[in-house]
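The form predicted alone is given below as one chain in structure tokens.
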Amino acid sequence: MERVYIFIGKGGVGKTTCSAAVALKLAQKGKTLIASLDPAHNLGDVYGVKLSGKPKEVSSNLHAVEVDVDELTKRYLTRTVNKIKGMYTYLKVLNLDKYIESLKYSPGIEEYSILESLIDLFSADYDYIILDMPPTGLTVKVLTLPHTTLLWIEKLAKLRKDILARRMTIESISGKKCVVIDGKKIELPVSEEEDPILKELNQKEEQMDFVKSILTGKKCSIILVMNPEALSLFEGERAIKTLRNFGMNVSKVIINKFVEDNEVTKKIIQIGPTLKIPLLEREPRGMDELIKVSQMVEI
């Protein structure tokens, strides 16, 4: 992978149009994938093609996909519940099947589902990957999640190691502990090497480290799309500040619907390097119009 471009911004500022145009330009350099992670997809509408959850070739060297966030959430929940049931088979009272439907509305589930999709996308066989992200609030939560998750994993791993150490002490005194379920004898793990929970935490730590290294590395460019409007400016400034606190930087700002004589425009230009797309007569749709937009954007 040569580079990742992550397009963020307030809903309705033109992230999809800008990312779609940039993807067309990058496809001239190498194999390119653009993925929409916004639950309210319109990437297919911008390209004038029907897209699904599987990458589709929309132009030479360019594939596009609209990631089904609801389906991601269902798969994430099912996988998580099965792992928990497998690791805690000795607790017969643990039956989470009936909670799957309600769990999908729990805080953080959507963010973790999108984060798992990032792991797959970053591992895909493409030279350039472009992400058309959800509106700012959800995007910032997803991009900062690897950092906060690593902190939790560190605490949980320490706690789990303490539990295993106590089990080992008890076993040395009174012998190996077992439980019997449906006539089957199950030994409780006592060593770190055989403990499925610690293995899961270690695997999750590797995944979070991988995503974090991409997001904070030199191969990643975060592009903030803004309109010359006060609300867009305020939201963008908050996003920049939060991401910076987590070691991520916005490399460029695209001012979409650029207007020269505008006080907000002047403030946006002060943020950092900017690219300008003028206010067009109509919203770009289809390859021909997007190619014209791509000529205005030098990433």
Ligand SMILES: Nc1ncnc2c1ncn2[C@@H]1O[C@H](COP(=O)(O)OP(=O)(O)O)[C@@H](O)[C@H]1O
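Nothing here was measured: the structure is a model prediction, and the numbers come from that model. One-based numbering along the sequence shown.
Just so it is clear, the following notes concern the form predicted in complex with the ligand, a form of the same protein that is not shown.
Though the partner is left out of this view, residue 52 does not reach within 4.5 Å of the ligand in the model of the complex, counting heavy atoms only.
Contact annotation: residue 25 falls outside 4.5 Å of the ligand in the model of the complex, judged by heavy atom distances. Using a 4.5 angstroms threshold between heavy atoms, residue 21 stays clear of the ligand in the model of the complex. Interface residue remark: residue 32 is not counted as part of the site for the ligand in the model of the complex, having no heavy atom within 4.5 Å.
Shown alone, this chain has one stretch from 250-258, 60-68, 267-275, 233-241 that lies within 4.5 Å of the ligand in the model of the complex by heavy atoms: 250-258. The partner is not shown here, but in the model of the complex the stretch 3-28 reaches within 4.5 angstroms of the ligand through a heavy atom at 10, 11, 12, 13, 14, 15, 16, 17.
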